[in-house]
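In the structure tokens that follow, the same protein chain appears in two forms, which are kept apart as structure 1 and structure 2.
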Structure 1
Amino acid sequence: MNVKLWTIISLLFMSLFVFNSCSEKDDNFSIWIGGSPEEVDFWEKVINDFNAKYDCNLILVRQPTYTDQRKQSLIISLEGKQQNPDLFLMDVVWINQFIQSDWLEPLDDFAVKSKFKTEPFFKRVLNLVDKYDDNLFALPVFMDVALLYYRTDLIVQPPETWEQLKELSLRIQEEQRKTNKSFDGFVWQGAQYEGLVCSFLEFIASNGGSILQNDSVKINSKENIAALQFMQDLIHKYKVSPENTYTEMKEEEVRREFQKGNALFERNWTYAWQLHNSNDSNVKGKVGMTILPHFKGHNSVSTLGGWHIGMSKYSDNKEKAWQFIKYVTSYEVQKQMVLTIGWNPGRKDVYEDKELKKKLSQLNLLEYVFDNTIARPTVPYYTQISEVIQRNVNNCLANKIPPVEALKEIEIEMKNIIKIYGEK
């Protein structure tokens, strides 16, 4: 079925569901949430506990599993100025678009009135994505970053630089291929999709490069050329990353290869840690996790991911909606989130919890990475920019065009996008 048609049908169904529910009780309000069945089950419990504690009637309306469909259903509702949903989750890259479209209710007055403090949250994350013109429009519910996974049975010390990663990959790969022809040095996300933008951003930023600076295009720089050349060389010159990096490698493809025991290093999000250490994993007990490498003379960076909660400007239940925002971002619920489903909390103070630190050794690492994370361009036309980067960087990884040509083309197309969408 056509994705747009499917989204419209889903939206109609969700609207009917909310309307029918609200007809039974006039204090109903709704939150739209998607994701896996396990994630939705967790949200149902959180919402049921909230309703019982505060004698409210918050209704969960399930969105599609896929991120793009979730976004589209929200856009249709918000563009139509519908009262539902009152609350919703946003992928970190949607927030600026929703702010610029004037769809989000500012949270500052609610915070002041209820003496809500933002100090327990990661200041860097709030400033990067949740605030605009010093106004607060969203709060992080759970966050994500990319990390480097490595085989502790094959190397003693993880690499600090990309050059060290390459050298270790060459040496260990040669040894392992004597008994495992499928073994690769480094697997990472290089297919043409959003994950490639995240990988690309980490490579260039760890070489001092950037995509945008104050809405000015900075993509075609010597730092970025060198970083993209290295990405291409990992596949074609050094051959430590497989040929299907640019055709197939997304999160799950990368995870499965590493988990089979077919790679020394893996770039992936935090969800992979639990799966790598599951009973059916070939690398259980043989996996380490650390920050991503950097180029000499620069610092490691990791792309910020995760989901943030916002309130619709068109909600007619704003006080109750704010009550749930406070609840779901509270210390107690954020801790429950870690223990129940393994999500990384949006609150910085939860990472200092003694019980969690005993159970989850990676919390210190994650806290450090979140304090040094980098966001994708926070502009309302990010979707258009992302498509341009994906297409041209992927062409470069496929060895169809050299890095210089790829970045020149990205620069031209980005400037055209800014002319169309960026002028006020």
Structure 2
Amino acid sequence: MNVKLWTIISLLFMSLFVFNSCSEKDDNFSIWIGGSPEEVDFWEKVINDFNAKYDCNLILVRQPTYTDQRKQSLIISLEGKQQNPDLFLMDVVWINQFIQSDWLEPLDDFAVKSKFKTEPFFKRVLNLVDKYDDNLFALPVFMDVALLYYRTDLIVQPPETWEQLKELSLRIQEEQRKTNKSFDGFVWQGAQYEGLVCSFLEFIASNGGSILQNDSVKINSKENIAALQFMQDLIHKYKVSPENTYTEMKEEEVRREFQKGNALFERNWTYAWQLHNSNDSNVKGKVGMTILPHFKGHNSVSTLGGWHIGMSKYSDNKEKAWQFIKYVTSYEVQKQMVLTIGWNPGRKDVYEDKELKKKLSQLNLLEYVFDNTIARPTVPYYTQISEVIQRNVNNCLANKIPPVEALKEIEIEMKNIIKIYGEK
């Protein structure tokens, strides 16, 4: 065989090896993902494309819609050291616990071997969430921020303050209820689950409040009391948010209510935008999107949410799993994601894409929101803290306890948790 032919054959062989890692083994491997049905449908497509491109057999296992249940099912599998799932998406608030529980495979060696660069990602997010002790354990797939959706056919100018939101809600709700008894001013996430923690943080932070001050717990403050009082009043005093806010309202319940045409304002994550403007939406073409309101004299704030991909320590298919991580965080797939489902890419460089900037006017809005986010504490015992906030804030929304009692209780319980789980 002459040298030239031999070189061509070797190159062909090498390219097969590099681009087709799945051909090494025929086994299936799996990824667990939940979310709204439309979101999971989108994942199905991403995974089919990946399988076709790389001749792989990655199986999508559908998880429940909400973050708390998704975490529960994953923990059962990981605690049992099961090989299934190989891959999963993690809510930004679980990652620290997953790392500390030693459930995640570090990605550094895979990255080095395949010359994968982390520079295009948001450095602050990687350092805060995905890295630990200088090792990389996860990568952001999409970043969530909360926005205010409103009906452009019912109001001209969206509110800047919570007070204005209340006033507009009262006025438009009264008019609309003449023909639609189910109409409410403002729908938001108030049920007892993780989403309530996000709403609560936004209300208090947009009044200058917080849960930690100089690293120590400070919850029972006048800013927090006023903000929580306002949340309770939206339901019970002004009655612009429905009674089921504290029993049922989670992302999908809120989105569906607004999408049916039954609300003037909605607090939701970015995913709702495309769905509100889909063909089967009653509010298609009548929706505006802007930053959340703030209390007078303060700034609008959004909780930082989002979903990151990680690989199980117990996976038997780590090379293939890495192939998918690379695929899903690639520029092309991330761009596709924002175009088809409206998620904010986990990569920073995609936000600079000229075509996207032209097509998606909201990218400018998002830039502001990203600069004004509040992160939930990145500690392994976050679940315990979240549970305390969820339970007490929800009790207050149900009118069982006044704001000051709820906040006092959160402060006491949070301090205990920190004592038990050993904060430095």
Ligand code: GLC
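Each residue is numbered by where it sits in the sequence of structure 1, with counting from 1. Each form is matched to the other, and the largest set of C-alpha atoms that superpose within 1.5 Å is called the rigid core. Values in this document were obtained by computation on a predicted structure and should not be read as measured data.
Mark the structure, either 1 or 2, that is the form predicted on its own.
Structure 1, not 2.
Quick one: once the rigid core is lined up, does residue 261 have its C-alpha move by 2 Å or more between structure 1 and structure 2?
No, its C-alpha moves less than 2 Å.
Just checking, between structure 1 and structure 2 and with the core aligned, does residue 331 shift 2 Å or more at the CA?
Yes, the C-alpha moves 2 Å or more.
Superpose the two forms on their rigid core, then report whether the C-alpha of residue 57 is displaced by 2 angstroms or more between structure 1 and structure 2.
Comparing forms between structure 1 and structure 2, the residue 57 CA shifts at least 2 Å.
Report, in Å with one decimal, the C-alpha displacement of residue 310 between structure 1 and structure 2 after core superposition.
Rounded to one decimal, the shift is 6.2 Å.
With both forms put on the same core, how far apart in Å are the CA positions of residue 113 between structure 1 and structure 2?
Taking the core as reference, the C-alpha of residue 113 is shifted 12.0 Å.
Enter the rigid core superposed C-alpha shift of residue 343 between structure 1 and structure 2, rounded to one decimal in Å.
Comparing between structure 1 and structure 2 after core fitting, residue 343 shifts 2.4 Å at its C-alpha.
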